[in-house]
Every structure is written in structure tokens, then in C-alpha cells.
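Heads up, the chain below is alone and in the form predicted alone; it's given as C-alpha cells.
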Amino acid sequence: MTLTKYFEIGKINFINSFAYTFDLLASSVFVALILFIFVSLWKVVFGGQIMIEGFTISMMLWYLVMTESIVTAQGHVVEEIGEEIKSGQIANYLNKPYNYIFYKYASNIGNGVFRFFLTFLVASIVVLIFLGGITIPLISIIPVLITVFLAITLHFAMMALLGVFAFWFEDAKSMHFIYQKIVFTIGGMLLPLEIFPFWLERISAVLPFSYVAYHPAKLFVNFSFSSFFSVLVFQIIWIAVISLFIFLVFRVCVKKVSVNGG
């Protein structure tokens, strides 16, 4: 019954997202503009080369379609939680018959799934028009979607952890800004990790940020079942570890609600 409650919250938010299709489409169009710039940029970078670090130009651009879609799917979770803590509004949630973190996850995942597919659709159209398609084996679609869902979940978990720290710092915007830049770089959102120096690539590849963007996107353009199972295991491990931190920190910090206006 408890899981059904959160499923219904997610479903309601997913359905409600259709009412804001044009608002979400505006942000997706911005992503499409970025993809158009990257198409032009990578055409110049590749020149006459067929591959760079194991990526063809087609793989590189479709990789970016996937990373942009995943990373932009969750919105500004850090700032949302931070503002609710700072204003004391979180006290209203704590009186409700649900867990605050699970509630935020269910509501955000409902919006995030819709935003992911909308962004992916718009970005794909841009790359198809200016570069062309990419061959994806049908057998890879379900495994890739599983890793995408886990990537969005992990993305939420890391942002929720930072949001909870607003109990102390009360400046969620700066934390969100720093987190974004980490995902953009060593998370592999803007560039595959193979582009980096070897030592940085190896370090970045095991950090949770790369399991949000780099690993799911690389599976999308270069699928193998061995890589899928490896990514799947590490995504689950990182989600479990970060979730544990969230609930430990939240349990300690929730005692400060009365200080923050609750």
C-alpha cells in the first residue's frame, strides 16, 4: 500500500506535466539550440577523421542527445528542497502521512520522465536533420531505458542530499551550481570521459556523477551486455549508498526545522 501511494503521486505529476507541455518545450528548445551548436563544433573538430577516442561523429552527437536529456530531466531539485527548508515550508510536509524524501522523489520522477522524453524527442529531431541517425540494436532499448531510469534516480538522490544540507548552509543555489558543473565535466555530460587524460578518465569513471550521464549515454551509442550489467550494478550501489546518507543526514537535520521557521 505504501509503494502504491508513491506510485500514485508520481503518476499524478506525470499527467500534470502535460498541462505544462509548452513551458517544458521551451527548455527543450534551448537544449536543441545547444545541440545545433555542438553539431557545428564537432563537424569542425572531426574534419576528415572517422573516429576520435572510439567515437564517430554520429556517436558523439547522439551521446550528447542522451546526456542532455538525462541531466535536464530532474529540474532544480536542490533549490526546491533548499527553499522549502529555508522558508520552513518543510514542516507542512512532515505532518503528512508520507516520507518527505520519497514524496519528493515520486513527484520529481513523474515530471522527470516526461521531461526526459520530450527533450530527447526535440534534440533527436535536431541531430537527425543536421547530421543523420544512428543504428541502435532493438535488443538494447530496454536495458538502456533501465539505466536511464536509474541515472535519473541517482541524479535525484545526489541533488536531494545537497538539498538536505541546506539545513546548515541555507544557500542551495550555489550548491546546485557547483553540482551542475561537476556533472557537466567529470560526469561526462559535455564530453565522453575518453577525451580526458587517462588518470582523470579512470577516476571520473568510478564516481557517481559518471553514472548519471557518461555510462548510460555510452551504452546508448555503443551497447554491450557486459557493460550494461556493470553499469547496472554500480548505479544500484551508488543509489543505495547516497540514499543511506540522505536518510541519516535528514534524520539529524529535521530536528532543526523549528529553527528554520517550522
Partner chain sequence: MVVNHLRVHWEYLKVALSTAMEYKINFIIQVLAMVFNDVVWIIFWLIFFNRFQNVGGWVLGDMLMLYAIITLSYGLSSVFFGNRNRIAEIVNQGKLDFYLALPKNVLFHVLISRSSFYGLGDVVFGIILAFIVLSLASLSLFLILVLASTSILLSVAILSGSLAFFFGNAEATSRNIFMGTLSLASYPLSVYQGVTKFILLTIIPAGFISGVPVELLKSFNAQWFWLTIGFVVLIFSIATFVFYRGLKKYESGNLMYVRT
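This structure is a prediction, so every number in the text was calculated from the model and none was measured. Residue numbers count along the first chain shown, from 1.
The following text describes the form predicted together with its partner chain, which does not appear among the structures shown.
| query | in the predicted bound form, which of the listed residues (Ile129, Leu121, Ile141, Ile178) lies with a heavy atom within 4.5 Å of its partner chain? | reply | Residue within 4.5 Å of the partner: Ile178.
| message | So if I measure heavy atom distances to its partner chain in the predicted bound form, which of the stretches 185 to 193, 106 to 114, 146 to 154, 69 to 77 falls within 4.5 Å? | response | Of the stretches listed, the one contacting the partner is 185 to 193.
| Ala26 within 4.5 Å of its partner chain in the predicted bound form, heavy atoms | Yes, Ala26 lies within 4.5 Å of its partner chain in the predicted bound form.
| said: At 4.5 Å between heavy atoms, is Asn92 in contact with its partner chain in the predicted bound form? | reply: So Asn92 does not count as contacting its partner chain.
| task | Considering only heavy atoms, tell me if Gly48 and its partner chain come within 4.5 Å of each other in the predicted bound form. | result | No, no contact at 4.5 Å.
| query | So in the predicted bound form, does Trp42 come within 4.5 Å of its partner chain, heavy atom to heavy atom? | reply | Because a heavy atom of Trp42 falls inside 4.5 Å of its partner chain in the predicted bound form, the answer is yes.
| Looking at its partner chain in the predicted bound form, is some heavy atom of each of Phe247, Phe250 and Cys253 within 4.5 Å of it? | Judged in the predicted bound form, none of Phe247, Phe250 and Cys253 sits within 4.5 Å of its partner chain.
| task | Note that its partner chain is not shown here; using its position in the predicted bound form, name the residues of 227 to 241 with a heavy atom within 4.5 Å of it, in sequence order. | result | Nothing in this stretch is in contact.
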